[in-house]
Ligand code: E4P
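Next comes just one chain, in structure tokens: the form predicted on its own.
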Amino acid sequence: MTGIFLDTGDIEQIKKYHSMGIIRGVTTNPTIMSREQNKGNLNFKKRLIEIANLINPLPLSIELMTNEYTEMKKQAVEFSKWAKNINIKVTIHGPGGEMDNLKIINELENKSKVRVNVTAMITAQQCFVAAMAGATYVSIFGGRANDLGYDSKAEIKKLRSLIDTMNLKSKIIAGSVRETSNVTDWFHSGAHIVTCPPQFLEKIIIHPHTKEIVKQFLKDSLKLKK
């Protein structure tokens, strides 16, 4: 699956853009879900199953809520059973640089048959290693990469070349949008998927000059004889 993944846990926003036929999946993370929880009562499992069913067969990526080895495996298998179109987000390493995550990724993909979206990566090098471990998706945080002085477009282009040349199965997800031009720039650079929050997707669609053109069309249409 390639195209725009909506980056949200807001069920109404998902319904809105899914009905337009312009998204190809949904991604969430604990930060997004905690914002949704602050808006009112949120049952984590119930909400994610609701989203998965709504967009089926499009993929939904949900993130683990632990970095402890045994619990990571347990959560990943449990979450993946909630719906057939659920993918599991695993960070490339732990908060202290722990590297057990790559072992988890390899085991989930190759033994447990759980599709993994490796996340929180900044460089093509990190994504390449995750792809070698067998990840279905490798997520590069392009906006954060730019903030840190990297060229996200160059990193994505390099990564796409490596994946294609070495015939790896991973699809590149570019995320952490900072401005609307990121979306088409990252696709042009070779990303298979770009995650986009609803507020940026709205800005991509609605242009002030288009508003003026439409107003003029409607104004002129009143002058036509019926």
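Because the structure is predicted, anything quoted here is derived from the model rather than measured. Throughout, we count residues from 1 along the sequence that is shown.
Note that the form predicted together with the ligand isn't included here; everything after this is about it.
- Taking non-hydrogen atoms only, Lys158 never approaches the ligand to within 4.5 angstroms in the predicted complex.
- Among residues of the shown chain, Arg178 is one whose heavy atoms approach the ligand to within 4.5 Å in the predicted complex.
- In the predicted complex, Lys89 approaches the ligand with a heavy atom inside 4.5 Å.
- None of the heavy atoms of Phe79 is located within 4.5 Å of the ligand in the predicted complex.
- The partner is absent here; in the predicted complex, the one residue of Arg144, Arg115, Lys103, Lys73 having a heavy atom within 4.5 Å of the ligand is Arg144.
- Taking a 4.5 Å heavy atom cutoff to the ligand in the predicted complex, the contact residue among Asn182, Ser189, Ser170, Asn29 is Asn29.
- Only one segment in the set 94 to 102, 150 to 158, 123 to 131, 136 to 144 has any non-hydrogen atom within 4.5 angstroms of the ligand in the predicted complex, and it is 136 to 144.
- With contact defined as any non-hydrogen atom lying within 4.5 angstroms of the ligand in the predicted complex, Thr195 is the only contacting residue in 193 to 207.
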